[in-house]
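Shown here is one chain on its own, the form predicted alone, set out as structure tokens.
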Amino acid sequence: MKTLRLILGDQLSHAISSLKDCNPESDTILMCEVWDEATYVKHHKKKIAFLFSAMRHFAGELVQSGFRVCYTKLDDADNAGSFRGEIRRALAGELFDRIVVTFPGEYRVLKDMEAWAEDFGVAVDIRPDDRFLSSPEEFSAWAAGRKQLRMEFFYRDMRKRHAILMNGTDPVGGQWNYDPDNRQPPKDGIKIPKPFSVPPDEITRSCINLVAERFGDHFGDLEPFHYAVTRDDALKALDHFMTERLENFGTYQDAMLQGEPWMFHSHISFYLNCGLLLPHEVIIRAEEAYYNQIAPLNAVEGFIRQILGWREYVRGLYWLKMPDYARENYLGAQRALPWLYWSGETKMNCLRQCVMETKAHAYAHHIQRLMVLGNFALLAGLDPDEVNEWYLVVYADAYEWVEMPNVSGMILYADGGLLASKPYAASGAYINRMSNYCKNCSYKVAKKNGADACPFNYLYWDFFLRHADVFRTNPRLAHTYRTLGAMDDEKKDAVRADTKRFFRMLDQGERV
């Protein structure tokens, strides 16, 4: 039986299910750089260069292993420009009995795949993506009958199921979650290790040149480029995190410092999400770091929770609720995404820092994404469609399965609390506590009202005034509404007036 095996750009693992039972004598592995996938949103230049280079390196490894690979580069003259077009071209050139592919990461791609058998007249085998530790079917079974789909309970079940940081049926250390130990602000004089970097080789350089030529109007800086593009180098990046960063990761995972975009984070989400690293091997390495006394429990548990808990949870939620999830807008947010998200042109230093670091690196850590960029999007009532597209465009680790639940659920509360039990809204006080951004800001974080007051301060209260009918009875917001209840009318009027002035300036394209 001759088989055409399609490998997508986020499936760069030699253990991927679509390669199992591959016969080098009769089968062809198809990989293609296609215009449709590079431009359905205008991905960050660095993201495109990273994936194209990683794909080309992976294809080379397959050839060296003796497999027959048909690889289409973006600038090949006969490139059809889409998965469908490239498959049709492959089928026209050779007779295949079936197509084998691994379950994709986006709903739109799955729907296309499901039509291939009828359209091409060839059997299509869509295999489970067993790189993940929970299948969509397992998540659906876990969710069945539950009134609330809280990540914490899913995470505990995953710990038990995979015997990670467990002492029999109890969690190691006696607690499931060490978050209270993982919220420290940055200390003066803190020393951040240099990030792992790999100089571009000839293949990567050719991809950088291609992106510069073909995607010059896309967002982001192409250089400097220093990401791993092979599994060997991704493993080195993992080693670097384990030895130099994991020890302090937990304590400072929510901290932000101007000029320090990397902090103590792992920076391996690029490699996990495209297949160069596998989640289980990363989890085991972290667990071993605790048992070998390389890193404390709060750091190791917090890191493992992001992969075994959060990453698996958002993927399960995505496949459970799509396609309706993409249309959620519970708070009726309609404001257009302001230009400052692309330009960084704002007097709010925290926003400027996070946008410019995103532009430079196609990366920002989770608190920058959630509590600065996302917090503003929530308080300003930005349209979920536009915010989702922005996050999908700008981050090199962004694929719809992971991006959309984080944005629509965690950031915007657009799903009405399916994912989060309360909106993640914060005033300037939180940003000031967890960063040094406010020291270099045009606004005064200590001021609550007026033209020079931190906009997050009055936007925060206006958000809860606007949505009082939705949130007043939320038990997790009882303190917020007690404070609002004690606020006199003059103060509330000042909040509304400042917000109205700010939104008028924002909507008119003025620098805010």
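These figures come from a predicted structure and were not determined experimentally. The numbering used is simple: start at 1 and walk along the sequence shown.
The form predicted in complex with a small molecule exists for this protein as well; it is not shown, and the discussion that follows is about that form.
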Only one of 231, 359, 285, 267 gets a heavy atom within 4.5 Å of the small molecule in the model of the complex. Which one? 267
Checked 159, 240, 321, 365 for heavy atoms within 4.5 Å of the small molecule in the model of the complex; positive is 365
Is it true that 303, 397 and 407 each have at least one non-hydrogen atom within 4.5 Å of the small molecule in the model of the complex? yes
Note: the small molecule not shown here; in the model of the complex, the stretch from 93-101, 328-336, 166-174, 271-279 having heavy atoms within 4.5 Å of it is 271-279
Give a yes/no on whether residue 411 approaches the small molecule to within 4.5 Å in the model of the complex, heavy atoms considered. yes
Given that the partner is absent here, does residue 307 sit within 4.5 Å of the small molecule in the model of the complex, heavy atoms only? yes
Could you confirm whether residue 391 comes within 4.5 Å of the small molecule in the model of the complex, counting heavy atoms only? yes
Heavy atom of residue 341 within 4.5 Å of the small molecule in the model of the complex: no
